[in-house]
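We begin with a single chain expressed as structure tokens, specifically the form predicted on its own.
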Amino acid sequence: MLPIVIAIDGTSASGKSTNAKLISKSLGFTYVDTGAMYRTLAWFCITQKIDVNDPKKVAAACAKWKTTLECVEAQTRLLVNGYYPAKEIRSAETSAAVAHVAAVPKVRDWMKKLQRSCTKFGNLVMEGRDIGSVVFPDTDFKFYLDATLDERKRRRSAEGVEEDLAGRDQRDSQRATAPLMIPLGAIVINNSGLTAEETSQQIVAHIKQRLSQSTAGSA
């Protein structure tokens, strides 16, 4: 039986990470943060003094860096030379660089292969910006999260992070390769007035209903 993949896509600060973690814990699935993978490459480029605005140099770095993928406590990690830069990838400098790195077509191709290989860890809850549209377009479980710009700014500020969300939205949606979009067949949830628990419960209910229908149909 093929692993189940729950695709959680959406805009920045729409609650993808928080909800994906809650959903994976509720279902006993492995959590995959694809944004962290792109952030890891951005951090690597910064440490190696590679210009993130130079697509060719970024693509070359992605092709040469030494990485390993591991699963620890039901969460995937991308290690560079055996090191997982958990804090470094959340810095303001990395946040500013990641959109440029993620826009490089060869980088997205490399990441897509890596992300698809995560099924070796079993059933997944994978969050990002192109999971349901590019990485796992055939999954039956697609969700797209969004919230008002003001609400998303409030969430980022509460985290102590100042980010140009409108600019990030524009770059993500207008990039030539794998732009941010609502995947075909995705359930769209605007969670501006919802807590993370309410949002995740809504998603888990959809998933369990779909799974029960699938089980009944194959019986």
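Please read these numbers as outputs of a predicted model, since none were measured by experiment. Position 1 is the first residue in the sequence shown; the rest follow in order.
Omitted here: the form predicted in complex with 2'-deoxycytidine-5'-monophosphate (DC). The next part is about that form.
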Margin query: Give me the residue from 147, 124, 78, 98 that has a heavy atom within 4.5 Å of 2'-deoxycytidine-5'-monophosphate (DC) in the predicted bound form.
Written below: 98
Note to self: Residue-level question: is residue 55 within 4.5 Å of 2'-deoxycytidine-5'-monophosphate (DC) in the predicted bound form, judged on heavy atoms?
What the structure shows: no
Notebook entry, point to check: At the 4.5 Å heavy atom threshold, is residue 172 in contact with 2'-deoxycytidine-5'-monophosphate (DC) in the predicted bound form?
Noted result: yes
Notebook entry, point to check: Counting only non-hydrogen atoms and a 4.5 angstroms cut-off, does residue 156 reach 2'-deoxycytidine-5'-monophosphate (DC) in the predicted bound form?
Noted result: yes
Checklist line | 4.5 Å heavy atom contact, residue 106 and 2'-deoxycytidine-5'-monophosphate (DC) in the predicted bound form | finding: no
Margin query: The chain here is shown without 2'-deoxycytidine-5'-monophosphate (DC). Which stretch in 183-191, 64-72, 164-172, 46-54 comes within 4.5 angstroms of it in the predicted bound form, by heavy atom distance?
Written below: 164-172
Next item on the list: Give a yes or no on whether each residue among 5, 140 and 206 has a heavy atom within 4.5 Å of 2'-deoxycytidine-5'-monophosphate (DC) in the predicted bound form.
Entry: no
